[in-house]
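Next up: just one chain, as structure tokens, the form predicted on its own.
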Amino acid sequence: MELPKHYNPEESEEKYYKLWEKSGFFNPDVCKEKGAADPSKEVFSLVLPPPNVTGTLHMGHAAMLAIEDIIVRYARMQGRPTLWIPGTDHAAIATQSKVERQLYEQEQKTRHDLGREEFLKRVREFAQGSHDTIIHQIKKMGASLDWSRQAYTLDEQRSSATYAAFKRMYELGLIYRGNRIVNWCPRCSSTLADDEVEYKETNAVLYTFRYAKDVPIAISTTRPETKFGDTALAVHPEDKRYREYSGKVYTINLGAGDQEIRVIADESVDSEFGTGALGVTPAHSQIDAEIAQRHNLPSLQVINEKGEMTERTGPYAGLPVKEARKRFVAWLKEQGLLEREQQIPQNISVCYRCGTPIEPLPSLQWFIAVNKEFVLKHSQITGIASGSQTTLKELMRKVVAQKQITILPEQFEKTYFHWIDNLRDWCISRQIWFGHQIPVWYKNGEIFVGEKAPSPEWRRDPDTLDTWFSSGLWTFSTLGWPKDTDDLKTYHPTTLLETGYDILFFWVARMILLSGCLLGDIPFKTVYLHGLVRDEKGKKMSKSLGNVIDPLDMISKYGADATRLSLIVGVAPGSDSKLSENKVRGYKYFTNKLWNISRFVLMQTEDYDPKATPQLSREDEKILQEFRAMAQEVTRHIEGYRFYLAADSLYQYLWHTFADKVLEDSKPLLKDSATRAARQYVLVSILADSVKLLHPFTPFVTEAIYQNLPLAEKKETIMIEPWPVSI
């Protein structure tokens, strides 16, 4: 059959995605029913990291979709029952912040002007619109997800799972309410988990001063305005400069009334920083809070949740922290207490969503205890027997240390263990309206935990849960948990989790924590981490820099297949990649080359009999043998998650070996009746198996070619063709 002269990606992509959806083969149940999957083979399961419903997909999402679709299509062609679950994340803080910003810009109103119910209605409408856009984009990338199992972290099923998880962990004593230092974002008016805090490099002033003229020890700090909350002055026990002062108490007045400062010795103090002495502010530093706990020090809050000074600071009360700092430094100069001002580089803590500087402050919140022992009733975790005691921290460490879960590339294991070693109790309550409202009810000092109140007079906790709590249940909430469904029995633990290395702590570690606690099992067997997609100069893509490349624009110009290849070739596991429009355009040339190769072969097969077995020459056998060697190499690369090498091997073979050598050498043989049939067989065999090998990488163009191949037997779609080689 003769192919059209030019390949039209736009026409083929819409046509063949509809064919795939109509076939039902994205669903492993349909594959088993129609004989396209072997129930005796090991299942393959994967959950899509749910994109946030805050807008549209970017090139990082496109890379994730390309990688996962390669893996899924490869598994499906192996005849394995293959499940890839789609879904989206409500992304509580990010989505609420976006709607609040739009509300203020368009109507000059706040969420409080609308009220909770009306505001949430607006957020849900925004989220639905974003969800629809995202699903459209995912399909444009060619992702072969089982849409019959689509999930959303805030839908009814996932909400029930979230509330069940909270209740079970509360009953195990692993969820508690306590007053502790939290990361507070004054702009979002909410807490953040430790790993939701980002660090921004900036210049700061290091102020060195004394609390009073009769205090013999000076301190250095970049935040003098917090010193109204100091209750101690800490030095290292081996620092000879200050040993004689240990235990002494000084009464000082910084302009807001008397406060007592006790000199204490603590090994956490860095003798090399500043003066080697530390003003201990227990209410506004996690490190200082830990020092205070060791030395039984009081805690005095001097900054409130609006980022303003409290009444405790006297004349500074109500001032924003920066203004208070400015005035207090001026006062220190007037009093002759300021000894030095020094410009230094500093990494300040900022909110990962809005970039506002974080205020550590004490707050009554809900936490998950990571160091508390509990009984793991049912365990599939190596080294932890059913009915034995463990901690969440131990559980998280063991599954990776004992290789129940493999992290690829391996260097990220060290990063994971470092995070585990420094893990503190996880604050899971958020002071926002959008999300899963905490399933806790209060009445006259009593507490009830459950999705619904026992009776109308109970008052519900107004806070919502950290979005990472619900998304941390993703591998099993999407399979029907807490019900013991067939899907859960069949597909969990999932075979693989593929995601960006930047959310190793946000999401991957939390999934391990929650699956281990609630199921006594791992959530996945392998974690494959991909890098970030940067611009051609290696800079992070951002709207402000004007270097964003839109995946839909690239698909519209060059096709989904070229876009996918540009995100795969030349990109090693876990490595950041550089992308330019020229790179995408380059792989459009390859899809055109593949089309032209196929067109030439098909033009030579009008008299080809696919059921005949011609006598092959030694040269024919050699060509087929070389092709099979390449095909085995491609398969080994895919098995080893070296997708960039697999794609490059196919690219090099088809362009430089098949097109430049085999086809050229075949032209005279095709004109000779004695050699024509054998060479037709060689060319059709190689082309047919080449498009099968390429299908996971470039699904659309390979489907278009496959539908025109002169084969003795042909499937409904190339998607369920058996993989052409084994290793």
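Heads up: residue numbers just count along the shown sequence, starting at 1. Since this is a predicted model, take the numbers as computed values, not measurements. Heads up, when I say rigid core I mean the largest set of C-alphas that superpose within 1.5 Å between the two forms.
There is another form of this protein, the form predicted together with the RNA, and it is not shown here; the text below is about that form.
Proximity to the RNA in the predicted bound form, defined as a heavy atom within 4.5 Å, holds among Lys372, Arg124, Lys578, Lys443 only for Lys578. This chain appears without its partner; in the predicted bound form, the one residue of His136, Lys611, His656, Lys489 with a heavy atom within 4.5 Å of the RNA is His656. The closest non-hydrogen atom of Lys98 lies beyond 4.5 Å of the RNA in the predicted bound form. Mapping the unseen interface onto this chain, Gln411 counts among the residues with a heavy atom inside 4.5 Å of the RNA in the predicted bound form. Taking the partner from elsewhere, Tyr651 is found to have a heavy atom lying within 4.5 Å of the RNA in the predicted bound form. Proximity of Gly276 to the RNA in the predicted bound form falls within the 4.5 Å heavy atom cutoff.
Shown alone, this chain has one stretch from 696-704, 26-34, 40-48, 664-672 that lies within 4.5 Å of the RNA in the predicted bound form by heavy atoms: 664-672. Residues Asn596, Ile597, Arg599, Phe600, Met603, Gln604 of 595-629 are found to place at least one heavy atom within 4.5 Å of the RNA in the predicted bound form. Once you line up the core between the shown form and the other one, the Cα of Asp239 ends up 2 Å or more from where it was. The Cα shift for Gln293 between the shown form and the other one, taken after rigid core superposition, is smaller than 2 angstroms. The rigid-core alignment places the CA of Asn422 less than 2 Å apart between the shown form and the other one.
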